[in-house]
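In the block that follows, a single chain appears as structure tokens, in the form predicted on its own.
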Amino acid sequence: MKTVLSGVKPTGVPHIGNYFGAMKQFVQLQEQGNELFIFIADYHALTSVHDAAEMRANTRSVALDYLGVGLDPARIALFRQSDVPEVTELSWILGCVCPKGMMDRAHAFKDAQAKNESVNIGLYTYPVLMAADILIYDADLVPVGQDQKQHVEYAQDLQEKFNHTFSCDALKRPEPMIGALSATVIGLDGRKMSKSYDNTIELFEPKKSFDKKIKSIVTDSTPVEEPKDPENCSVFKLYKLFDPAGAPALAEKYRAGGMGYGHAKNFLIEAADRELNPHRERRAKFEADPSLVEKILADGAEKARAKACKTMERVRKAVGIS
């Protein structure tokens, strides 16, 4: 059994790309018997969210989304980052051994600079807090995309720097888990699904809107009666994610001719419903019971704090703080 750690910022609505790129894999890791710590990164969100009501609503929405897709609170820890105050204590201690040059090289800081965006200290020191998130739970594995690998590398660097500085083994080295988040999901316009391209299909948006977006997926002008290449069709690429077993049969319909893209989109809607309807129903049940969701987050924080406190005992002893 491995300890797996991941966090999600409560700053947006998840889409199909997030589901296949991350959320579904977390459920699979759960089913494999791993020890999962999934936190809602409200401290991280404070770098950009400055409205209390928005923060509370977004945090609750993230909890509902993750419970909806099948994370089992009896087997994993789902919690708010801010409910484990030890993480900010560790972040400060790590910051006291972190070279300034590491922060200057951080992707988020460099991107903001390149765009002439305002940079607050929270954004600048973001990687240190993220390292604390990873290290405080003795994470073995951190599922990340290739573009987020630097966060884990920084955690590795700070783990090594801390242990060397204080001649101890208080912090455990984590490893990135790149393969777990490898799915590339095509958006409505044929590019990678991304909020920045405005080409997403929200995971839990109303059914009518969900179907309308699928029907708006861009396709070519090949006539109904002509054969079509499934591998060059965004509709088919999405279908393969929702129904891998049924994809070969649909591919044959493409190549045989006589099937229009409208038919293919209807097949995609049906496949998406088979996959997502249980998630929609599960999320709705949790949404109808706010007190249960709050209890789940509190229980998750209790599990997380139990582990975080053990780490901080080692850290405090190493640095001489009682």
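These numbers come from a predicted model, not from an experiment. Each residue number is its position in the shown sequence, starting from 1.
Absent from the display: the form predicted together with a small molecule. The rest refers to it.
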property: Residue (of F79, Y126, Y154, F236) lying close to the small molecule in the model of the complex, criterion heavy atoms within 4.5 Å; result: Y126
property: Residue among A272, A41, L29, L297 with a heavy atom within 4.5 Å of the small molecule in the model of the complex; result: A41
property: Stretch in contact, per heavy atom within 4.5 angstroms of the small molecule in the model of the complex, of 126-134, 98-106, 214-222, 166-174; result: 126-134
property: is_contact(K9, the small molecule) in the model of the complex, heavy atom dist at most 4.5 Å; result: yes
property: Residue contact check: Q150 to the small molecule in the model of the complex, 4.5 Å heavy atom; result: no
property: Residue contact check: L71 to the small molecule in the model of the complex, 4.5 Å heavy atom; result: no
property: Interface membership of L203, the small molecule in the model of the complex, 4.5 Å heavy atom rule; result: no
